[in-house]
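In the form predicted on its own, a lone chain appears below as structure tokens.
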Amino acid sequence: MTLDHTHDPAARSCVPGADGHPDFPIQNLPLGVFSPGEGAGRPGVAIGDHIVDLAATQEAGLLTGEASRAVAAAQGGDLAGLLALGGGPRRALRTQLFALLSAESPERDRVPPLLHEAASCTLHLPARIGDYTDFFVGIHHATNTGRQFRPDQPLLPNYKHVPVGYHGRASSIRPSGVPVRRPHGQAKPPHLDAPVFGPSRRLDYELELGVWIGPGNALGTPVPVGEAADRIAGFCLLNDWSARDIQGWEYQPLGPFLAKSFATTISPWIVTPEALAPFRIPQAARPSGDPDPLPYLLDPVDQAGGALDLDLEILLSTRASREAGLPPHRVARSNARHMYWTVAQMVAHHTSGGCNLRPGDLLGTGTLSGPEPDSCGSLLETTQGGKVPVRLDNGEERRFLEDGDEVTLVAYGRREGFASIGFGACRALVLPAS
């Protein structure tokens, strides 16, 4: 990814409140789908505390060429057509919007009618997600959880050779703000001889990045790792909710099923690869003794700049803390640099057997924990399987989530010499089991 004038930290916007916005300054310009009221979704771009109506911008004649083509491909409430066009039209749209929304824009007087206050809008899923695959590339999470079950061998032998993943459930993915209902399922507590059916008692969150697929690949045609970055349309935050008691009983021998399929929450804005260009870093060198990736997973350009330096945080509020007017408690802070495999390696491996990815498909990275105790991306790790409770600022304790808890994930790109950008919130409230 190359840097250009759209990354200039000195750039200012004509949109009030956009300059210095913690998530959406003019250097970000993420894509999404919104509705001003209860109507159908429309393509939009976040800027400060506002949303630019892309369809209205195009109708006003303020977008031309490839940028206009990009908006035309975003049919109503589904950006999959835009994502399918790849980087060229997406970059053209970014460039023209940056010029239109800048403080020096000759068309700045035409911008206000195109804006909607974000607080008065409904945000939707950016695309109709056909397929969802969740990976397991956070090595600290894999080690922490593996140690609870296999103290002598936390990582299974395949982990450092293959980007492990499983096929998730796309139908239960919801945007930030939609509550999550505690699931029912089978669980077998250690003191019982047979399983019981009932509400999960060990509900957990997982701190992940989501990866939106742009141009797909034909069935039977793998995507080389050196070309995989061109298939990535953007990123979001992802909370792959987990019922740990159900998971512990059902996951052998085929892996996650009902413990995961009841809900996944994502942040509603697609942060583009172009916006994240300043926060690209080399993939961390593998420790001595670790195997090199097989050739189909190894590309020098990807190793030199395929990782991301993004600060990740988990915030938790309870019913009691909200009633007391207290801010959410920060449970953990991590970073996306802790991925053992790059996103390009995930895409290359996913397609290596001939699987066809399609525009609007979503990949999850898996839980992105860090190496420190306060950087764990799940309560399963933080509480050591429920043995050591988390003490919140108001004196409450949590081993796993309770009804009325609200979990919020946030992410920020920060680097000296560049404007900081964010992803917006990935938030959901836990409702009681039905």
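The shown structure was predicted, so the numbers you read here are calculated from the model rather than taken from an experiment. Each residue number is its position in the shown sequence, starting from 1.
Unshown form predicted in complex with another copy of the chain; subsequent notes refer to it.
Chemist: Choose one stretch from 331-339, 98-106, 214-222, 81-89: the one whose residues place a heavy atom within 4.5 angstroms of another copy of the chain in the model of the complex.
Modeler: Stretch 214-222 is the one.
Chemist: Would you mind picking the one in 75, 122, 356, 143 that has a heavy atom within 4.5 Å of another copy of the chain in the model of the complex?
Modeler: Result of the distance check: 356.
Chemist: Another copy of the chain isn't shown here, but in the model of the complex which of 278, 273, 306, 256 has a heavy atom within 4.5 Å of it?
Modeler: Selected residue: 256.
Chemist: Can you check whether residue 94 is within 4.5 Å of another copy of the chain in the model of the complex, heavy atom basis?
Modeler: Close contact is absent here: in the model of the complex, residue 94 is far from another copy of the chain, nothing within 4.5 Å, heavy atoms only.
Chemist: Under a 4.5 Å heavy atom criterion, is residue 245 part of the interface with another copy of the chain in the model of the complex?
Modeler: No.
Chemist: Contact between residue 148 and another copy of the chain in the model of the complex at 4.5 Å, heavy atoms?
Modeler: Contact check for residue 148: no, nothing within 4.5 Å of another copy of the chain in the model of the complex.
Chemist: Going by a heavy atom distance of 4.5 Å, is residue 130 a contact of another copy of the chain in the model of the complex?
Modeler: Yes - in the model of the complex, heavy atoms of residue 130 and another copy of the chain come within 4.5 Å of each other.
Chemist: Is every one of 12, 64 and 69 within 4.5 Å of another copy of the chain in the model of the complex, counting heavy atoms?
Modeler: No, none of 12, 64 and 69 comes within 4.5 Å of another copy of the chain in the model of the complex.
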